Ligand code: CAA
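Here's a solo chain for you in structure tokens, the form predicted alone.
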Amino acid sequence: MGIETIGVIGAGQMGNGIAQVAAVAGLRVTMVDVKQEFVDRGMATIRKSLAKMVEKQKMTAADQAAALGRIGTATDLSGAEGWDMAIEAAVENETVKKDLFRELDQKCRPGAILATNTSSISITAIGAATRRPESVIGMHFMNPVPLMTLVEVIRGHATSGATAAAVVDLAKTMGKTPLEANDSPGFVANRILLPMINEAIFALHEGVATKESIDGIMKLGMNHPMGPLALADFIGLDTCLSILQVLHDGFNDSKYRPCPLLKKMVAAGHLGKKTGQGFYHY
């Protein structure tokens, strides 16, 4: 199952990163978002990222130009029939994803793979919204996509072996390391990561230590490159809350209960780096 043409749905930090690594790997990419300003912003981010790679001599100017030439943009799915695969990188909301996959199912050609970059939502549930659940799979990239090597590959209940094999091969083509997980709330990465972040927020909420101490202890004591509160800001506090709610609902276990401070900050619109204010100022 050769994959040469990909549609990436979403031009935000995950979508434009996926589009970039796919184009650098030699794939033809269409990056789609609902507004032209969103795709323009995504393309600006890609250009800046590739320029840094040229500056650091990680790629040539000719390769940079070739990669940019392989990326097209759109504000709808009218060209989806020409894709070998779609990778969805939209908001972490099950209803939004199911609606999008129903539309992709209608517009993509038979046999095209439909992948989601969800970090926690059931692949089985998303696949069930389509008429091709055997071709639906999780392809969870890590942020920032151009730098992080892991891709968590998650099969839904009906995902075929051929689909999984094609996605594993694609991840390798993109220069990533694919590691497989079964469909369970949060999969592996966020089932382990988000409770740690949540516990750090509880420690701050309960006055155990300052944010600087909490992050410093985890960096210096556990050799983490970034403290959990800074990492939460980088991920987006709204995304952290969404994942914790999926874990809490999926397992019906109070150990996944989101910290009240996290809920309050999201309600205030303090979502982290993307809004300029989270646990830290940006």
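In case it trips you up, residue 1 is the first one in the sequence shown, and so on. It should be emphasised that the depicted structure is a prediction, and the values quoted were computed from it without experimental measurement.
A second form of this protein, the form predicted in complex with the ligand, is not displayed here; the remarks below concern that form.
The three residues 49, 140 and 144 all sit with a heavy atom within 4.5 Å of the ligand in the model of the complex.
Contact with the ligand in the model of the complex, defined as a heavy atom within 4.5 Å, holds for exactly one of 148, 125, 162, 188, namely 148. Contact with the ligand in the model of the complex, judged by any heavy atom within 4.5 Å, is made by just one of 217, 66, 226, 59: 226. When contacts are judged by a 4.5 Å heavy atom cut-off, residue 135 does not count as touching the ligand in the model of the complex. The closest non-hydrogen atom of residue 119 lies within 4.5 Å of the ligand in the model of the complex.
Although the partner is absent here, residue 209 lies well away from the ligand in the model of the complex, with no heavy atom inside 4.5 Å.
The ligand is not drawn, but in the model of the complex it has a heavy atom within 4.5 Å of residue 243. Judged by heavy atoms within 4.5 Å of the ligand in the model of the complex, the contact stretch among the candidates 189-197, 153-161, 171-179, 127-135 is 189-197. Residues of 232-257 placing a heavy atom within 4.5 Å of the ligand in the model of the complex, in sequence order: 234, 235, 243.
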